[in-house]
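In structure tokens, the next block holds one chain alone, the form predicted on its own.
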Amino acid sequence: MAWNDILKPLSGWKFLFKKPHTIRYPKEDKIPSERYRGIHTNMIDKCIGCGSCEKICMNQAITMKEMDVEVKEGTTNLRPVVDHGRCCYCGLCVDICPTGSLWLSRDYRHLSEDIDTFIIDPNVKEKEREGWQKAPEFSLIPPERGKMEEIPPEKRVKSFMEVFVGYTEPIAKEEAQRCLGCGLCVDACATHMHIPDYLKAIREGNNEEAVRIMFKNNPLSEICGTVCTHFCENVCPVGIIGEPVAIQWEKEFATRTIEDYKKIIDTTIKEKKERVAVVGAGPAGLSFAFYLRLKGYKIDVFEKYEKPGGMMLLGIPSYRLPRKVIEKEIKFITSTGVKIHTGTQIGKKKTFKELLKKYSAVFVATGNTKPYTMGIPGEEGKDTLQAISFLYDVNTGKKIDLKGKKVLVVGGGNVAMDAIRTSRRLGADVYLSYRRREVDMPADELERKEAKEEGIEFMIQTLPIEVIREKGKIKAVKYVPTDMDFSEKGKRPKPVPRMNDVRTLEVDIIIEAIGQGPDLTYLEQEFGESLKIEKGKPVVDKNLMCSIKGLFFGGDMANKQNDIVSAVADGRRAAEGVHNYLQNK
């Protein structure tokens, strides 16, 4: 036997006086590392219920359950519940969480003979964060949206050329990959378009399928892809990480790739005997006509102007919405058999009572055509214009010379943006007066950004109080700054004029863009008190039928949003309502 064999066992005695590497469980606690991945914890109030954690879990360990929580815009009442018998503690659910509400705690102990107890509700209101958390700068989803080629401002203002360049296919596919598939955008969309589904189709390169999905809810998808108010993007959880998914631009890309919708969308119709009349060929009237026509009804649309399209055609400048886009989608709608009679103003050539006798139902969608005025001294005159009339004249080819003139536009919505940018393209020096803060403006942020790039001066928190005239012509406008009153919680702050600080701005023309309402004089003359009206609009039921049997209203005449996509939604909703009415459902 070698000496090494005798002495080596004795070397073990040195460990007798050292601290052991193991612990005496359960007498001693094992202290996990600071970044240990243990049992899930979720801040229930910070969570928006998007379900991204459930979708990314490869082991199907997470299930979204309904909870008793406050549901705000862009959230749901769903919260995650975790089966720790399935979980592998990879942390992908933590990495994908857009709000950072979810993390893996340092708690690892759970002993039970009942396997059901391993399904744990991790939702808490308050708890000290320890364990595996997503780093603030880390994101599985690229925070920035795909960039689009921009036309320089100095080139834009020289003509009415299209500003919107649009996505290329590679960028559109990449952008579609940023979608988490949560569906929060579907609830925010007025038409409830199946956005995650058509983004998935775009991502897979199937643009035809994407457009088919779009047209289930919106027959003006390319128009909305060009000028939509895109409230869906406001609730996109990717926007918490960085920029929201460019849903509007994705829609525009896919529809632009299809030359003829008729070739890809099934419009097979089983004819019915009933005939339905539509008054107004704007977005609500056209959408109504399309969806009710697909149900087999014979549709006649009456439009007082010489071309269909309503304010989409007559109010929105061509640099924002090219006429070819409007014509393309109207052509598809009429290809289904919808008949549009232009140059026919109901209430003059034909009465509504005559329509109700001839047709089984009548849908009225004539929009808001009665502009509001400021009601200040010196306001009235030929050089005080209404924005909708001004834009109509420009869009119908009337020559308007504003070169070298100073134009003041009053308002803060998208119509005001159209008025200032159109005036700039006609050669004017343009000022915009808005009585609240810029953050309170209803106008689209991109519209505001591009207007400033084009050299338009924004006079935020200002209020015109008097128009100064000489020999009948505008010489200047008096205005005052405003302070914001935040006393009413949950509402936009009220502008309070600072009347002791009167200022003057020399201008040649004033364009008012402070809103408009419906003109119901022609209806009141026909129906009198039998037509119930509240706050200037007809009272309608859930099917959008008013107090007169068979007469339906929609679009800007019935909703408060006053945008294209809401009008489209009204048209589709009214089509269902008329169908139910005619089928006695």
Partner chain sequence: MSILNKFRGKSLWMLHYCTGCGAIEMPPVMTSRYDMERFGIIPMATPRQADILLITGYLAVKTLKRVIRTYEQMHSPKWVVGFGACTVNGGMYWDSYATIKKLELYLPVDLYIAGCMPRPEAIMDAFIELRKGISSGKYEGWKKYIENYDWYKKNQAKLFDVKKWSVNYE
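C-alpha atoms forming the largest set that superposes within 1.5 Å between two forms make up the rigid core. Source: prediction; values computed, not measured. Residue numbers count along the first chain shown, from 1.
Another form, the form predicted together with the partner chain, is not on view; read the next lines as being about it.
Just one of 556 to 564, 526 to 534, 513 to 521, 29 to 37 has residues with a heavy atom within 4.5 Å of the partner chain in the model of the complex, so point it out. Of the options, only 29 to 37 has residues within 4.5 Å of the partner.
Contact between Phe118 and the partner chain in the model of the complex at 4.5 Å, heavy atoms? Yes.
Classify Ser487 as contacting or not contacting the partner chain in the model of the complex by the rule of any non-hydrogen atom within 4.5 angstroms, answering yes or no. No.
Should His110 be classed as touching the partner chain in the model of the complex when contacts are defined as heavy atoms within 4.5 Å? Contact check for His110: yes, within 4.5 Å of the partner chain in the model of the complex.
Partner proximity in the model of the complex: Met499 to the partner chain, non-hydrogen atom cutoff 4.5 Å: No - in the model of the complex, heavy atoms of Met499 and the partner chain never come within 4.5 Å of each other.
So, a 4.5 angstroms cut-off on heavy atom distances: do all three of Ile23, Gln60 and His84 pass it with respect to the partner chain in the model of the complex? Yes, each of Ile23, Gln60 and His84 comes within 4.5 Å of the partner chain in the model of the complex.
Which residue, Phe231, Tyr89, Phe160, Phe458, is the contact with the partner chain in the model of the complex, using a 4.5 Å heavy atom cutoff? None of the others qualify; the residue that does is Tyr89.
C-alpha of Cys90 off by 2 Å or more between this form and the one not shown on rigid core: Yes, shifts by 2 Å or more.
So that I can tell if Tyr522 moves, could you say whether its C-alpha shifts by at least 2 Å between this form and the one not shown after the core superposition? No.
Would the C-alpha of Asn59 be classed as shifted by 2 Å or more between this form and the one not shown after rigid-core alignment? Yes, the C-alpha position differs by at least 2 Å between this form and the one not shown.
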